[in-house]
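Shown here is one chain on its own, the form predicted alone, set out as C-alpha cells.
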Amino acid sequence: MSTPEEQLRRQGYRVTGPRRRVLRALGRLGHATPDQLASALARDGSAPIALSTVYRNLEALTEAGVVTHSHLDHGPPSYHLVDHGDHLHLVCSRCGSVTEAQPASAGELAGNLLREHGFVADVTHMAIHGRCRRCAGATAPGGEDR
C-alpha cells in the first residue's frame, strides 16, 4: 500500500509542508476536528498553521482521497486518514468518549433497512450515539444518572 504522500503525488497534488504536517498530526491523533488539528500543529514544535490553512489542506486531502471525515455530533466533522480503516464510531452522550467498532456490528441494521425499505446503508464511518460501558454502569435502572 502506498503512503498518503505517494497517493497525493500520483494524483497530481503537491506535497507541501503544511499538508505533510496535517497528515502526520492525523496519524498521531487518529481522529481530529480542524480546531483540534490546529491546536496539535501549534504544539508540534514548528510554526503554527492558521485554521483557514488547516481547512484548505483538509479539503485538498479529502479530494485526493487520503483523508475522510465523519460527523460524530452536531459540531464540526472529525477527520482521519483513509487507511485508518472503515469503522463505526460509538459516541458516548454522557462523557463524550468515542470508541471504534467494526462495520459488521451494524450488519443486522443494514440488513433490516434493505429488507424493509430497499435502502442500501453505508455503515462505514457511521456515528452511533449512546452511553459507553463505564457511563452505562453509572446509570440507574430507570435510565437516570446516579
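Position 1 is the first residue in the sequence shown; the rest follow in order. Rigid core (definition): largest C-alpha set, two forms, superposition within 1.5 Å. Bear in mind that the values here come from a model prediction, so they are computed numbers and not experimental data.
Absent from the display: the form predicted together with a further copy of the same chain. The rest refers to it.
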Inset, instruction - Answer with yes or no whether residue 92 is in contact with a further copy of the same chain in the model of the complex, where contact means some heavy atom within 4.5 Å. - result: yes
Legend entry - Distance check, residue 52 to a further copy of the same chain in the model of the complex, heavy atom within 4.5 Å: no
Legend entry - Partner proximity in the model of the complex: residue 129 to a further copy of the same chain, non-hydrogen atom cutoff 4.5 Å: yes
Inset, instruction - Report yes if any heavy atom of residue 45 sits within 4.5 Å of a heavy atom of a further copy of the same chain in the model of the complex; otherwise report no. - result: no
Inset, instruction - May I ask you to choose, among 81, 29, 88, 38, the residue with a heavy atom within 4.5 Å of a further copy of the same chain in the model of the complex? - result: 88
Legend entry - Residues of 56 to 84 having any heavy atom within 4.5 Å of a further copy of the same chain in the model of the complex, listed in sequence order: 63, 69, 71, 73, 74, 77, 79
Inset, instruction - Answer yes if the Cα of residue 27 shifts by 2 angstroms or more between the shown form and the other one on a rigid-core superposition, and no otherwise. - result: no
Inset, instruction - For residue 49, decide whether the Cα shift between the shown form and the other one is 2 Å or greater, given a superposition on the rigid core. - result: no
Legend entry - Core-aligned C-alpha movement of residue 102 between the shown form and the other one reaching 2 Å: no
Inset, instruction - Compare the CA separation of residue 119 and residue 68 in the model of the complex with the one in the displayed structure, and answer closer or farther (the difference is at least 3 Å). - result: closer
Legend entry - Direction of C-alpha distance change in the model of the complex, residue 40 to residue 94 (at least 3 Å): farther
